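In the form predicted alone, a lone chain appears below as structure tokens.
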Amino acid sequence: MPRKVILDVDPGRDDAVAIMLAALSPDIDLLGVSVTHGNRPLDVTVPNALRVVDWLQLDIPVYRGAADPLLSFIDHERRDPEWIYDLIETIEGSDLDLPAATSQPQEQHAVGWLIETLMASAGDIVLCPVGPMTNIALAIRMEPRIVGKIEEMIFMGGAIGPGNISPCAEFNVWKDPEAARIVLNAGIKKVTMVPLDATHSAHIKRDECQALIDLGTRGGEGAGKLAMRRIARGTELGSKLQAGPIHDALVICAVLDPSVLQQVHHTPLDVIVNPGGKDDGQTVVDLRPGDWAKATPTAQVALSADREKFVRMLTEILALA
């Protein structure tokens, strides 16, 4: 039976590929897509999500969510300095290189839909946040009982090694660390973290992108071109690799086959919230062996991934339509 999935996104080219995988896999029942701020402002990320579902010619409900981090009113410059959007514009673009959307988001707010859907469920929904966790944190604060209704949360965020927005912080968590801390300390029974360490090891090469395009499907063409564009943008920024990570897509592959994640550790997991500090938004795990680690493990954390399996899964799913 297909796994029921809610995907919370901030598109972004890698989010777009994640939507395509979740929508096209016969082993996933994608209940809907909730959208948050993140890679771009909400007025861009919502149309981007709609562009993807329209491109696939599928009827997938898209819900407009949080436009700002929880505490943006306290320290706007901490979360939204102009240089960040300039950099992301280079990597992710504004319109995903897909035709403009003709569909509209649902009238219901994403947070209300998350609460309603989870509370009405049999506790069999996999929650997949692949952007800042603002929508999820707001839903938990409004209705704490949803925590017991989440079968599993698999999220893309954080870093054990170097970050990408600061020396120690990954963008999704850094963008709203207060939200991430609320969610990761809420008591969700099974949490899997897919950090940069894993997504960088599951990169895709130019020839593999071209192979996706050559599948001749809307999924293959769309994902292949989006991935190819990310690689090209990385090269413009100084990368010497003719390859690039498709971060959020790895989460969907992990929903389908957890063995795509490697070096998985059961560990305590938390987020540092230190406004203005150099460690603000850092994810902290305890990988010390033996009796050194005394805290109760709260998450599975993957330090790498099976690149060949990842690319094979992309190809098999995107060949379907």
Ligand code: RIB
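Counting begins at 1, following the sequence as shown. Values in this document were obtained by computation on a predicted structure and should not be read as measured data.
This next part talks about the form predicted in complex with this ligand, which is not shown.
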Option touching this ligand, based on a heavy atom within 4.5 Å in the model of the complex, out of L196, V111, L212, L127: L196
This ligand: the contacting residue among A202, A223, A179, M156 in the model of the complex [heavy atom, 4.5 Å]: M156
Candidate stretches 98 to 106, 247 to 255, 140 to 148, 179 to 187, one within 4.5 Å of this ligand in the model of the complex by heavy atom: 247 to 255
Candidate spot S34, T117 and N135, all three touching this ligand in the model of the complex (heavy atom, 4.5 Å): no
In the model of the complex, T283 touching this ligand (heavy atom, 4.5 Å): no
is_contact(N164, this ligand) in the model of the complex, heavy atom dist at most 4.5 Å: yes
Heavy atom contacts to this ligand in the model of the complex at 4.5 Å, residues of 142 to 173 in sequence order: M156, N164, E170, F171, N172
